[in-house]
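Given as structure tokens, the chain that follows is alone and in the form predicted alone.
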């Protein structure tokens, strides 16, 4: 069974599928994309050009050898584009589809075998003789030697503080990308969250309902920081800092070293230091114990997310302009309850004073970002894998347990041969694994690994008497 199944139609699935088309010759590569435009996923399916990439155009690519392809592609659509620009995510979605199309054309010329399924994968069953059976749609079964899970972000679960009545009212929106479902203009829109997803949600709401009052609420009331307009100079002592961080025992000493670097580098922008940590982030995370990871998530995650995953300059400018105009209010508070029908009653506890107050909102949008808690999600495929012991939830609900190379760990504690993950499911193992630079590097390594494993097995068979 030399076939491979790639499950997931988003950017991670597209990267894995395209890399396998270029390197895998031992069997058929099956891409199970579901009922969506292949390659776009949630991140790049948006049609709103206010939703910008938070990586410069020069850093964007689908495959490991990406060169200037995206800049050239975007220039054909938008006119002259510079590598320093932050472009609409829609444009990158178009680019993914074009790049995958080019890989498909090349695979056809080389006689490679592949199939694409516009259906969902419902089950993955281990076969006694090795390999897996994958159920696609209602009745189609695929026999494969390897499965690559690239399912992307899980569907949002409502916060525990949201009542059944509020959910049933239609005034509580779990999908921030579907504001078009709300045809009546609200007087007040309350967005739960102040991260990148919330920023896009608020920019869309501001344009769609120009007379609506906008409120954003999160525990710290902190927006993501903003990228510099132009690339920053590298911190001269970055390598020494990274080596010192690797020698640290715990989160607190790491933070002290980073703060000291900020103080020391008076002529270097702090954002350059944070960006210089990127090659080390997975290693630093993997060296932390379970208790130290929990400590980081409880006490430092919010400031790390705001510092590491920054807004494009135009997005930051637009958000702050809404605040200056008085259209947008930002609250640092905890959501205690969302109840009622329309308008909804939102009970908040203010962070600074601990005072409890209520707000009415005609529409409440949950924009809390990436959900990786597979043990509590409603994804039928992941639930089946957990139930059958082929996968185990990360103890901090950051995806699934896996080895460093992305091979899943089963309920027995042993690696699952031939069962791999890529993208957000590996957050518990890699922490930083959802941006395109990390995804394309992981997809490239995985494709080479799987191709080499088949070549090795064939050589071994050839040596048998």
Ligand SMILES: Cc1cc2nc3c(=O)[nH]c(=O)nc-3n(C[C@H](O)[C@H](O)[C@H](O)COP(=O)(O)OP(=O)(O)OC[C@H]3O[C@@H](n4cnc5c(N)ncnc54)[C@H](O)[C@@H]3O)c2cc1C
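Positions refer to the first chain, counted from 1. Nothing here was measured: the structure is a model prediction, and the numbers come from that model.
Another form exists, predicted together with the named molecule; not displayed. Remarks below refer to it.
J.: So, in the predicted complex, is residue 36 in contact with the named molecule at a 4.5 angstroms heavy atom limit?
T.: Judged by the heavy-atom cut-off of 4.5 Å, residue 36 is in contact with the named molecule in the predicted complex.
J.: So in the predicted complex, does any heavy atom of residue 429 sit within 4.5 Å of the named molecule?
T.: No, residue 429 sits far enough from the named molecule in the predicted complex that none of its heavy atoms falls within 4.5 Å.
J.: Given that the named molecule is not shown alongside this chain, does residue 311 nevertheless sit within 4.5 Å of it in the predicted complex, heavy atom to heavy atom?
T.: Contact with the named molecule, no.
J.: Using heavy atoms and a 4.5 Å limit, would one call residue 89 a contact residue for the named molecule in the predicted complex?
T.: Yes, residue 89 is a contact residue.
J.: Though the named molecule is not shown, can you say which of 217, 162, 74, 151 has a heavy atom within 4.5 Å of it in the predicted complex?
T.: None of the others qualify; the residue that does is 151.
J.: Between the options 418, 41, 399, 406, which residue brings a heavy atom to within 4.5 Å of the named molecule in the predicted complex?
T.: After the contact test, the surviving option is 41.
J.: Though the partner is not shown here, which residues of 156-193 have a heavy atom within 4.5 Å of the named molecule in the predicted complex?
T.: Heavy-atom contacts to the named molecule in the predicted complex: only 177.
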